[in-house]
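The chain below stands alone and is given as structure tokens, in the form predicted on its own.
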């Protein structure tokens, strides 16, 4: 009963701390990087992804400011976007990142705020991204030129091929043009139909030939959101084919990748054709799967995985990008301010109301806010053993990390999970079947 008694007080204090952190990071961006894609929080400079800025931080951050009730900051971001954002630029952009950060951000901003200029920008961007899918298989190239439609980089991966269902589906909803959802769905199912006999997909595929180039199967980097979007397309649009594909995929994942240990459960990496373990590696990106399992109703497994997620965080004092869960050796020691562990805490706390997830979320949030803070914002950590910082604060820190941290502790009335689905960049989209 004591934990319950403390929780409302703790939640309020925690929400205030997260809002203050968000304001601190935004003030740093405004002061040192206004007009750039992102802030370099140690050198106090702006940084662009490409040859010129697309205002990635304001676009990614707007709906977080809205949900955190930071009206002044939301107004500032909105003003920056409408004064400075144009996609009419002769430059190659990475389809995946631009779609999840910009397309998702603009569509979510439109649904929350109602200003049609957000939707106009999203429609313009959507048109410019479509040529990426003009491959022999319908799976997209990794890069597309925003002006010319020229494409490059045919060696891609399931995440960069299959993470368009939600954003492109919303474009179809608002434009009335089915090409967006059809194109995104074809790409996802071209991956799905190339799964192995045991139901798994590999890590790298050639979109020209449809041939697997790397046959390692896992649920982390380069694959994660492909699975996530199959399930979420069912939640958002009621697409039964996507739900069936998710169930087939999830069954194979649980059968071949799920490993229960005394530390909690993890997902290993196997050969997609045989299911034999290749390397027992797990990390920050893999941590999302507990949340998607909780969302889909498999609470027993979700709770086991979140135990593993928490072990990983506590063991290294901040979660590492990747470690060997069998011997605890670090294979990638950085922490780039990732949100996935908090995301899983959010879903598990919302669905179970079990206060252990509140405490997990508090531990993680407190660690991030205390250990990653700089004079100008928050910085990625180069190595969790030394806590040496890296001069990077990606826009997803606003879009995802701070948003999920806040929502764990915020009143549930702030956001109804029966009415929205979060994209992989944590942009909330309204369910409208």
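Residue numbers count along the first chain shown, from 1. These numbers come from a predicted model, not from an experiment.
Below, we refer to the form predicted in complex with ligand DMJ, which is not included among the displayed structures.
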- prompt: Does the 4.5 Å heavy atom contact test between residue 37 and ligand DMJ in the predicted bound form come out positive?
  reply: no
- prompt: Heavy atoms within 4.5 Å of ligand DMJ in the predicted bound form: does residue 338 have any?
  reply: yes
query: Does any heavy atom of residue 424 come within 4.5 Å of a heavy atom of ligand DMJ in the predicted bound form?
result: yes
query: Does the 4.5 Å heavy atom contact test between residue 98 and ligand DMJ in the predicted bound form come out positive?
result: no
query: Any idea which of 40-48, 395-403, 363-371, 377-385 reaches within 4.5 Å of ligand DMJ in the predicted bound form, heavy atoms considered?
result: 395-403
- request: Sort through 225, 188, 157, 249 and report the residue having a heavy atom within 4.5 Å of ligand DMJ in the predicted bound form.
  value: 225
statement: Picking from 285, 253, 93, 292, the single residue whose non-hydrogen atoms come within 4.5 angstroms of ligand DMJ in the predicted bound form is 285
